[in-house]
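Encoded as structure tokens, the following chain is the form predicted alone, with no partner shown.
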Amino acid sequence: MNIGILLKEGPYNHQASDTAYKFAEAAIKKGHKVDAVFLYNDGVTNVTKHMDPPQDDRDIARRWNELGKEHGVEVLACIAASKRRGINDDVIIDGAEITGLGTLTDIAIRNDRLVTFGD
């Protein structure tokens, strides 16, 4: 099964980021293809380089980066949501991309499922 993920919440203040990541990991482990993760609303903050979590905490931005590199998952941030939060190409992690909301429609069309995390 091909799966797209929509993540609408930021890291560390809501469980959605962790749950979406764990879902993607589990789906890949079961043999499914996670095509893309589209970050919307506060979800765009999941891919900023500004995160510097303590040593004993999880590094959410690094997780998304590694998921993209290791499994070919596109990590995409909505341009409108990014602009509202001061996020641009200079501050996002390697492997992530800022794109238009129309890309979310494409993800929904080309995949068997679009799973949403966050309110």
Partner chain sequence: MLHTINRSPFENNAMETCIRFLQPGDPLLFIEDGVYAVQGGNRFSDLLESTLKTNPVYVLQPDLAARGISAVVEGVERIGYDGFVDLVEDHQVNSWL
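Residue numbers count along the first chain shown, from 1. Treat the numbers as computed from the prediction; the structure is a model and nothing was measured.
The same protein also has a form predicted in complex with the partner chain, omitted here; what follows describes it.
| query | So in the model of the complex, does any heavy atom of H32 sit within 4.5 Å of the partner chain? | reply | H32: contacts the partner chain in the model of the complex.
| request: Give a yes or no for L67: in the model of the complex, does one of its heavy atoms lie within 4.5 Å of a heavy atom belonging to the partner chain? | output: No.
| said: Can you work out whether A27 and the partner chain are in contact in the model of the complex, taking contact to mean some heavy atom pair no more than 4.5 Å apart? | reply: Taking the distances in the model of the complex, the answer for A27 is yes, it comes within 4.5 Å of the partner chain.
| query | Would A16 sit within 4.5 Å of the partner chain in the model of the complex, counting heavy atoms only? | reply | Yes.
| Since the partner is left out here, which residues of 1-24 would have a heavy atom within 4.5 Å of the partner chain in the model of the complex? | Counting only heavy atoms within 4.5 Å of the partner chain in the model of the complex, the contacting residues of 1-24 are M1, K8, Q15, A16, T19, K22, F23.
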